[in-house]
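A lone chain, given as structure tokens: the form predicted alone.
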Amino acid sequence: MSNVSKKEFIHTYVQLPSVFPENFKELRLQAKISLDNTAFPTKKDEEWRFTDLKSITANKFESVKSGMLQASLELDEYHLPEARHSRLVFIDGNFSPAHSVVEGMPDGVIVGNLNKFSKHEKLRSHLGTITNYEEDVFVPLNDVNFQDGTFIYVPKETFIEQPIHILNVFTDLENPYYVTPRVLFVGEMYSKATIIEEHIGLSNNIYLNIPVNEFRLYRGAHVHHARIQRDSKNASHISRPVAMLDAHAEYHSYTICLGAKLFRNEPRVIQNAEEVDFTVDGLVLIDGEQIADTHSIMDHRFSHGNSHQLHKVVVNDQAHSIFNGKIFVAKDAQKIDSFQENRNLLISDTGKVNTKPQLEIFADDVRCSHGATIGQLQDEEVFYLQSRGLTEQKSRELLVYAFALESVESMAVKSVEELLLKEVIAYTNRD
């Protein structure tokens, strides 16, 4: 495929703006070159062969113009009480000062929007430095188009006690549109923070959500990062979260997938020095004709690293789950202890699961394990609960709830745990 045809290919589905945002010009220029020379994925590509992209290719998505903001929106129901003074809100990709509040932060901490701090040295030296997704069209699409985003900087030996809530809200714009949220987090030595990132569709309209997250953790930094995806059931969500860890850093991420017609998540964690610890857990609850696809990489480049991934999935109706998790261990990266498991629960006869845990190990002194299970509710378990007075339906609901509970209890914020428990109950009660 020639460069010209590649350019036309992406323009078939996404209408690029005639004028790009003025800030971060060098990043955008490089992204534009990459975008013009990268093909949109198809099922002929090995990494996309199970993923139905019709929710994207059946539409033409417009960019959302800067300033298209609904300041009158009532969003109180989506606020987290623990983050009442540490909340950033973005409406269709645009920062909303009226809905955001950041107060009482420790000295030197920055929690704000990218445009406000666009000249900050830490922002300029880190933005776009670790999103190395090869032959990927979505990262450069975000690079070229993001109107604004989140910038969080935590100085050395600083602990932010309250969680930081990043709330991305998508409204009911009439025509299909795309949005490119952006997050840059820089944690200096021995800093600590909790980030709750949410994506919420306020309607059932069609849109394409392409978030890119960069987390740079220096020596001893510690981050708990929860991502909750509650997009419109007609939306497509293609996310690129990546974290790079220096020695003794810890990054623990938990992704919850509840919405979107198509959800493609490609988390990557990169070990940048010895002695790191990280988690890449997930919980997926899908039904109808939803597709949830996780392609993860746990990238061990140095010795003495611990990593963990438990990806749990519940599939109902005609929904389809795809999982491809890779544990990569470089040559001479000894003493790696890595665990990966994908557990799938099918509660319908028409649901579908494709799973491929994967080890790519070039060192010989490691302890790495992976596995996958696909099963249905056991008749014996259902019968046992019925013998204790529950109906068959309630018995099945309780078993699904118990299956999902382990992932929900990993949340570090009480109100988030309670929110997710309600979502699990709502899912089990769905017809």
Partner chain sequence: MLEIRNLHAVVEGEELKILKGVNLTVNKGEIHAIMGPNGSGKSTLSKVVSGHPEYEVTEGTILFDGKDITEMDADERAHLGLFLAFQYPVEVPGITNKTLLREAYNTIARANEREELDPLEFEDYLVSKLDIIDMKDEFLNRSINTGFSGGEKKKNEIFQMAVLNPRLSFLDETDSGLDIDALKVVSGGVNKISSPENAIVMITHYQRLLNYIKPDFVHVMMNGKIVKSGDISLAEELEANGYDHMQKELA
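Positions refer to the first chain, counted from 1. If you're wondering where the values come from, they're calculated on a predicted model, not measured in any experiment.
The form predicted together with the partner chain exists for this protein as well; it is not shown, and the discussion that follows is about that form.
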(message) Looking at 375-383, 358-366, 39-47, 26-34, which stretch has residues with any non-hydrogen atom within 4.5 Å of the partner chain in the predicted bound form?
(response) 375-383
(request) Kindly confirm or deny that Gly389, Lys394 and Leu405 each have some heavy atom within 4.5 angstroms of the partner chain in the predicted bound form. (result) yes
(message) Residue-level question: is Leu399 within 4.5 Å of the partner chain in the predicted bound form, judged on heavy atoms?
(response) yes
(request) For the stretch 318-339, return the residues whose heavy atoms include at least one within 4.5 Å of the partner chain in the predicted bound form, in the order they occur. (result) none
